[in-house]
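Just one chain is shown here, as structure tokens, and it is the form predicted alone.
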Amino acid sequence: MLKDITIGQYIPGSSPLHKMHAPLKIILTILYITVLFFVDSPVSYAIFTVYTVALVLISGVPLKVLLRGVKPMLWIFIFTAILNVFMTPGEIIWSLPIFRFTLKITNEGLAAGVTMAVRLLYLIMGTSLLTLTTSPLQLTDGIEKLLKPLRKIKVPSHEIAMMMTIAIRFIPTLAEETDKIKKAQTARGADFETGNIIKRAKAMIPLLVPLFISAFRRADDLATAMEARCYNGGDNRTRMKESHMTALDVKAIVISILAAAVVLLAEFWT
């Protein structure tokens, strides 16, 4: 399951999404997430689904890669859906008394559970498209440019962007390292699958200790490599290739705003 994590991975390509200006991609991803949380009706969900599928097709990223990234979050989907099913009040269609409590399933709860699960699915797919089509360097530059106005109030925008990008970039690396350690410990007789919750938690100690040591070692190696390359915090850093807005970015802005407007109109008029 750990190898299925796609957040932080980058798939090289020449699609329109790959060629877009990195800061613009971040802004449009925020717009995508914002519109997603306004979607509630079947009509607006259908339009939003068409828009999401179109983004996936344009990106050139295989659908199985995106769905593979959803797999580790499956339990969160199920847990969130169950909470909404049993905690949302409304017209009761099934109930089961348990001691002093009564489990109730309502029509509104079923609708809320399905809606929340689909919303989380699109949330992960939309954010995964950002990292899958944007290299770590472009992502760093994009975040730094968006935070640049905060420099006037002494906010270290470059350092923040660098830390965020390194954290995102090392998610798949640490996941792969965890998988290797787990297989090595299993070959030595460790059991991570059987027993109660407490026993499984104790069994994770031989996995977590080497993982933390490996993470600190990687961090130290990265710091040494940056110092060896005379990294001084990124002040007045120049770039060999400066990215600028193009006609493609203007088209992306227009299409994204139109899509958001259509989805919101469908939501409020249905």
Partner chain sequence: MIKAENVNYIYQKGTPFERQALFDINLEIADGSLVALIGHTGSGKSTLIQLFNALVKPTSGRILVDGIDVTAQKADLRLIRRMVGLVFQYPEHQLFEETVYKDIAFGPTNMGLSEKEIDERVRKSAALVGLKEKHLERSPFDLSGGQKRRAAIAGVLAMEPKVLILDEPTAGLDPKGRDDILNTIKRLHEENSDMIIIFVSHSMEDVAKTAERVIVMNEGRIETEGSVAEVFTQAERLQRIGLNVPQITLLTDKLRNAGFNLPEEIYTVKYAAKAIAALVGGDGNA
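Positions refer to the first chain, counted from 1. So that the term is clear: the rigid core is the largest set of C-alpha atoms that superpose within 1.5 Å between two forms. If you're wondering where the values come from, they're calculated on a predicted model, not measured in any experiment.
The form predicted together with the partner chain is left out here; the points below concern that form.
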Report task. Would you mind picking out the stretch of 81-89, 138-146, 184-192, 123-131 that comes within 4.5 angstroms of the partner chain in the model of the complex, counting non-hydrogen atoms? Result -> 184-192
Query raised in the report: Can you pick the one in Met245, Ala46, Ala201, Val209 that has a heavy atom within 4.5 Å of the partner chain in the model of the complex?
Result: Val209
Requested in this report: Name the single residue among Lys104, Arg119, Lys180, His158 that comes within 4.5 Å of the partner chain in the model of the complex, judging by heavy atoms.
Outcome: Lys180
Query raised in the report: Looking in the model of the complex, any heavy atom of Ala54 within 4.5 Å of the partner chain?
Result: no
Query raised in the report: Do Ile205 and the partner chain share at least one heavy atom pair within 4.5 Å in the model of the complex?
Result: yes
Query raised in the report: Does the partner chain get within 4.5 angstroms of any non-hydrogen atom of Leu63 in the model of the complex?
Result: no
Query - Exercise: Val50 in contact with the partner chain in the model of the complex, heavy atom 4.5 Å - result: no
Query raised in the report: Can a Cα shift of no less than 2 Å be assigned to Gly60 between this form and the one not shown, given superposition on the rigid core?
Result: no
Query raised in the report: C-alpha of Ile78: shift of 2 angstroms or more between this form and the one not shown, rigid core aligned?
Result: no
Query raised in the report: Is it true that Ile27 shifts between this form and the one not shown by 2 Å or more at the Cα, once the core is aligned?
Result: no
